[in-house]
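Just one chain is shown here, as structure tokens, and it is the form predicted alone.
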């Protein structure tokens, strides 16, 4: 059963009626541009055909009550009395509620059912998808127009200030504003976007190592602090403002770890711009080289890979049909993304999965993905 039908059926089972609204918000995979968004740099993600689905109807008492199919658990809270941040999946809904209220939005209560096929902790932005589904629910109930950059900022505030993960804005921005059949090059300074088509006759393959991370406990926050320290050393507000020449001339007295973080961000921003040109020129070979270089930098300079991510990237890069592969997401576990020749995608997935399982005794999950559109109200 497709998730749209599943969430509608579950809603009907629980509430004895059809939902008033069904909304969808996708997960994402980042093709290149990792750990650059919180330095106001460049990223190039695409939404994937895995998403959070939310069926709901309004209620009049200011209560939000949502049942999770996967977790068999319910979260419930009063919009007018959110209390303090706590633990659990419901905090993402409460965080969006808090941020929207703080920005002056008038919110009404609702009840519903949520389901998702975005893997949790895999680096595919399950939390951002949940945040954008929540924001879409509030927006649709109020009959307001969807403002993707504004809602992305709401989701980021929820993640940063309520949940406590100092993530950048990329995940929410792509979930909120993706365009079908395209990746987006996002300038994380002004949130401007450029549509970027995938090279012809290619597929995006996501390779889940089945090792997991959390943004609040994985070292993610440490990396953000290190980037801020590097920016301070170079007397710029963000590492986005630093170029390679200035970096090389002003390393005296800089801690070597902080220097490596700066090297990654500066070089990664350059790679995103060049990778966009390669894709616009329909050149998967050049795009793949930049993906490989990105993984090397994430491993050596930013130090956010692990043994399994490095193994998966290496296996993918060595398998026929692969143009390039890299770690994607926050790191410390999760997924590798590969750009693969279309006719080889299925065989590539099988071969890499077999090789990885033989070495690690872990059975990876492999997703051959389509670039999808962003958050939306889905006609029932």
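Just so it is clear, the model here is predicted, and its values are computed rather than measured. Numbering follows the first chain given and starts at 1.
There is another form of the same protein, the form predicted in complex with alpha-D-galactopyranose; it is not shown, and what comes next is about it.
S.K.: With alpha-D-galactopyranose left out of view, choose which of 95, 168, 288, 112 has a non-hydrogen atom within 4.5 angstroms of it in the model of the complex.
M.R.: Contact check passes for 168.
S.K.: Picking from 338 to 346, 51 to 59, 32 to 40, 66 to 74, which part of the chain touches alpha-D-galactopyranose in the model of the complex when contact means heavy atoms within 4.5 Å?
M.R.: Only one stretch qualifies here: 32 to 40.
S.K.: Taking alpha-D-galactopyranose as it sits in the model of the complex, is residue 330 in contact with it (heavy atom to heavy atom, 4.5 Å or less)?
M.R.: Although alpha-D-galactopyranose is absent here, residue 330 would touch it in the model of the complex, with heavy atoms inside 4.5 Å.
S.K.: Taking alpha-D-galactopyranose as it sits in the model of the complex, is residue 220 near enough to touch it, meaning that at least one heavy atom pair lies within 4.5 angstroms?
M.R.: Looking in the model of the complex, residue contacts with alpha-D-galactopyranose include residue 220, since a heavy atom lies within 4.5 Å.
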